[in-house]
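Next up: just one chain, as structure tokens, the form predicted on its own.
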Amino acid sequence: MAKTLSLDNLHRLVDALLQEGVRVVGPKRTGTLTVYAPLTRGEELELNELPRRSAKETFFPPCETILSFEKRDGRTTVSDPDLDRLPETVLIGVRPCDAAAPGILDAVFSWDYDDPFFLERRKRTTIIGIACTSSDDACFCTAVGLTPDARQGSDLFLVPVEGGGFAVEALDAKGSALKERHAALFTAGGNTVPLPLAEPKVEPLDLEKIRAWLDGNFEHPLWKEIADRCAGCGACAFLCPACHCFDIVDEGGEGSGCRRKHWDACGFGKFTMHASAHNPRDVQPQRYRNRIMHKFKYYRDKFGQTLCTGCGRCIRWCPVGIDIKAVLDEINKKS
């Protein structure tokens, strides 16, 4: 029989997990923004708004130490972070456009090298996804193969139902284990009639046709037409659930310091700057072209997946109003 979960019991679930020492991350109101952040109690959970930032930083922090070093008495000691100390985490209230992204990123973080930082966090995290019952003009998940109730990437999935509460689906062993551990909070039966889903008014794109057009139009004037407006601020990449570029920087002094990963973005002017001072992408149209190529051609060529989940954040928060959905529509027409 299907299980349901009331909103009160969802809050109790968060509280119970916190009492067990589990780190719980979910949408939380912070000032005027809703963001994914660690929760301190269940009532902080905010399920009525897509968070400003994506959930990727749960697995891929903006800054992260990957080793530290100390020089003493003529000897240098290098230390690795203790990944065994990473906490068990439950990422809760995750929209389908965010839940799908970590599985897409698994490919690049376990390709020619298994990144232990990303993959260990993935292993220790359970994702509780939730269906979307509202959307705005920037949402375009349906254009890139997802839906407002896509289960992709979730371990446990919540569907809002009439009268309040959620129908609950355990999708894998992680989700089943969490549900069984807190079985008293889940009710058998009850109302399971789902609320109407969000309806993004975006038709599916022919992603293979777009990829073929990109393959043959590297020097098309469209890139200059679009990207002459681009400010190169990187907001689109930093807010995106699937962008994953990073730089590695040594910080500190002669005696001690650390090596750190820092998020980077292909829209930044110095992203491809060589030590010789040559920059193969020295103007913004070339950099914006790379962004589209990476998401809809290169990643698909290499891993068979599209590096975009249609969350719309890059549209909502672009300071100059560049709309990636409109760009894709234009390419689709030219294909």
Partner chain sequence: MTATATTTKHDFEPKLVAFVCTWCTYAGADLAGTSRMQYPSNVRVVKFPCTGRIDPVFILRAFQKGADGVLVSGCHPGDCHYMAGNFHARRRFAAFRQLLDFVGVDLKRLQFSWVSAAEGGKWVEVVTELTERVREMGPMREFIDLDASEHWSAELADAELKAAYHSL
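Positions refer to the first chain, counted from 1. Small disclaimer: the values here were computed from a predicted structure and weren't measured.
What comes next is about the form predicted together with the partner chain, which does not appear here.
The chain is drawn here without the partner chain; in the predicted complex, the stretch among 248-256, 188-196, 205-213, 150-158 whose residues come within 4.5 Å of it by any heavy atom is 248-256. This chain appears without its partner; in the predicted complex, the one residue of Gly145, Gly164, Pro81, Pro116 with a heavy atom within 4.5 Å of the partner chain is Pro81. Proximity to the partner chain in the predicted complex, defined as a heavy atom within 4.5 Å, singles out one entry of Ile292, Cys266, Leu45, Ala37, which is Ala37. Interface residue remark: Ala107 is not counted as part of the site for the partner chain in the predicted complex, having no heavy atom within 4.5 Å. Interface membership of Leu86, defined by any non-hydrogen atom within 4.5 Å of the partner chain in the predicted complex, is confirmed. Residue contact with the partner chain in the predicted complex: Thr65 places a heavy atom within 4.5 Å of it. When the partner chain is considered in the predicted complex, His11 lies well away from it, no heavy atom lying within 4.5 Å.
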